[in-house]
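One chain follows as structure tokens, the form predicted on its own.
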């Protein structure tokens, strides 16, 4: 990732092009998504529609569709529904994340909390969760309703863990990994698991795809945390710098601090703590993360996660769908937004 030219990066991370083979599948998912939200009350309709604009990359529902294809069924009504449910859950978490982070922009439009305030945004996020649960509950097979309820609990517990761990410069990498395993990787794993299940896949397929989804999600969040420190808001399309503002310890800072010897540790911790409050200190910290190799080490960890995801794919027979999952993995480590 580090050192790639802007041209090569944009070519590799053209996600609409990558997902073009799934265009018809994703159109069906979009129909289901809109149907699930179609009975929003008059009072909440504008806010719900605004939140629906946040489902940009559509990676998770795409992965659900690919998993169903690998299982043999392809896109059925139930597969389209669970893909839409996964995306609704993701959208709800974005709405709540923006409130917690005080973010002003998401997908290049104002966040709900910016337009309607925190109280209304919290309730809209809850509405999205409830509609996702209801859509899953109406499926004849109850797997999604039960399984995704557990997944959402993991996501929310990951967010709680992150909030409790804020402003702790001594947060170990193991705790960081536990946080992102819950808040991000769990939903990526769920996306392929429900796709394989409703595509009538066997347990071996679910296991291989679940491992792929887990490691892909871990890499995605690591890259996201790196972009929050070093990305360009116009390119990324959302508010950046929120991790430092919220006192979150993410992998670049954890690795930078861990590389310091005992004599350097107090000054390094002091800089991190100042960066949570002082924009000038934040700029200095970002510069040192780059110049002292922490960003490169972060990129290497993300690549390690992607290598694990690719290894999981080796358990699957060769197919265009397996190749597409490999291409998505390449996107995650090359993306600039």
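On a predicted model such as this, the values are computed, not experimentally measured, just so you know. Positions refer to the first chain, counted from 1.
Absent from the display: the form predicted together with a small molecule. The rest refers to it.
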Looking at the small molecule in the predicted bound form, do all three of 181, 255 and 308 come within 4.5 Å of it through at least one heavy atom?
no
Within 4.5 Å of the small molecule in the predicted bound form, counting heavy atoms only, one of 262 to 270, 153 to 161, 189 to 197, 207 to 215 shows up; tell me which.
153 to 161
At the 4.5 Å heavy atom threshold, is residue 244 in contact with the small molecule in the predicted bound form?
no
Quick one: does residue 104 come within 4.5 Å of the small molecule in the predicted bound form, counting heavy atoms only?
no
Taking the small molecule as it sits in the predicted bound form, is residue 113 near enough to touch it, meaning that at least one heavy atom pair lies within 4.5 angstroms?
no
Applying a 4.5 Å heavy atom distance criterion, does residue 143 contact the small molecule in the predicted bound form?
no
